[in-house]
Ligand code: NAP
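Here's a solo chain for you in structure tokens, the form predicted on its own.
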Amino acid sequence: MPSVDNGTGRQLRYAIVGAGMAGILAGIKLKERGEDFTIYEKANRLGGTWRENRYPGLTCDVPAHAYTYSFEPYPEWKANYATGDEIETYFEMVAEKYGIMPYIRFGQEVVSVVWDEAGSYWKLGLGTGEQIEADVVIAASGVLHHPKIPAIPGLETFEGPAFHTARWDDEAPIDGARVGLIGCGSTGIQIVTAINKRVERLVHFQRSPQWIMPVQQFEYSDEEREAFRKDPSLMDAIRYSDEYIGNVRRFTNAIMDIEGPEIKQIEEVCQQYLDMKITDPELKAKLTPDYRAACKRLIYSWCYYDEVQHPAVYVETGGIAQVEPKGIRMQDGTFHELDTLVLATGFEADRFIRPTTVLGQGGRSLDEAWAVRPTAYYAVTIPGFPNFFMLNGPTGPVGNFSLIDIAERQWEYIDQLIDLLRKGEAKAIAPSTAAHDNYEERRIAAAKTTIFGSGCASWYLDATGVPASWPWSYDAFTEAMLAPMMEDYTLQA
């Protein structure tokens, strides 16, 4: 069905893929304009990452008052760093408050998105077999939603519960049990601090230890929450404080200048924290990384070094030979007998909207376009895929800061492009291949010189070993999102 002309421009139809943080944001912004949109969510409730993950100790590593939509501060946070349950409650509250729930179709997985050349619109295929048409597709499917399962020999032979942290098994033995935990990213670190006093023994398998950045956790009092309710500017003062925004700027500067004062300060703080907290030489050797701080995503924690020294915790840094029915055999022959095996092994961070089949102009698939690496022009648009916009897409900023802020800035950029469609100035819009290739050439050259490319293995790296993220400063990103460079876009009338 063609779009309707209401006399003031095109009345567009929008399909938003995903009802997590970014999908809710897109819905709110479109609803404010009175637009015709639907959010398709494969699960039976909203929440994205904060729905999928519910393991013990789950906490956001961005201060709570910085991890909200700028237009919807939240006075009810219980502490400086919020739990996953609280964050999911926040998103549910926002969706209800802004009337987004009726626009969400739950249990509706988008399995295909195909561009119709003749009609200049997208055809979406749902898992139910239903076909939908949309003029604009907003890919808000997030990054951390395809669990990465390690290829460890014998994993399937383990007799006890064995599961990824994003598929937490509430029935699995934890209390008084022998638990194996593989992985020491933020998830693994948080789980150690949450279950170390519950287990009989916790073996934390660390292939590569992490640098820990100390942060302060504290609870907000009833009086403080009441003050936030009465004066929202108190929450904005935290969100936009130099302690947070200043740290974001310093962090991105540190990423770019690997010999500069900011990265040296990060390294010194991390090393001093390790030296102060861990005095046992053997444990300290196990917990000392062999790469520079911030090469992997920094772990923010206020208690890991204390909790890992609990008598029930054993840090294992040897190589795993195989999983056996009763536990894990190490390469040196050591055997760890286990009741429960937890995989804190991260996610397939290069999937984005995939495995949804996306076919653009000329029938070219997104898999073909991303044969070398997932990429998007300024992390938002892709040549050959008109009217297809990504929130928190590939090559965007990643780090220890709020992706809500990133998504909001990206939306302002996207909205300006969509406005050309609304006004009837174009039926289809996408970046030119030349503009994208120029962007990627500059980005890759800069990315190789960042701290992410300094010699460690991390989920920041693409299949070729190049950091897949935004390699410039936070301020450079905010400036880029102010307005699209229209000379880099191709408009189809």
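Numbers follow the displayed sequence, beginning with 1. From a predicted model like this one, the values you see are computed outputs, not experimental measurements.
A second form of this protein, the form predicted in complex with this ligand, is not displayed here; the remarks below concern that form.
Contact here is defined as any heavy atom lying within 4.5 Å of this ligand in the predicted bound form, and by that definition not a single one of Ala15, Val110 and Thr357 is a contact residue. The partner is absent here, but in the predicted bound form a heavy atom of Cys60, alone among Ala43, Ala446, Ala435, Cys60, sits within 4.5 Å of this ligand. Site annotation in the predicted bound form: the residue of Gly185, Pro75, Gly154, Gly119 reaching within 4.5 Å of this ligand with a heavy atom is Gly185.
Looking at Pro150, you'd find a heavy atom of it within 4.5 angstroms of this ligand in the predicted bound form. Though the partner is left out of this view, Arg207 does reach within 4.5 Å of this ligand in the predicted bound form, counting heavy atoms only. For Arg297, a non-hydrogen atom is located within 4.5 Å of this ligand in the predicted bound form, even though that partner is not displayed.
Proximity of Thr345 to this ligand in the predicted bound form falls within the 4.5 Å heavy atom cutoff.
The stretch from 226-234, 176-184, 241-249, 272-280 that comes within 4.5 Å of this ligand in the predicted bound form, counting heavy atoms only, is 176-184.
Between this form and the other one, the CA-CA gap for Glu219 and Asn400 widens by 3 Å or more, being larger in the predicted bound form. Look at Asn400 and Leu202: in the predicted bound form their Cα atoms move 3 Å or more farther apart than in this form.
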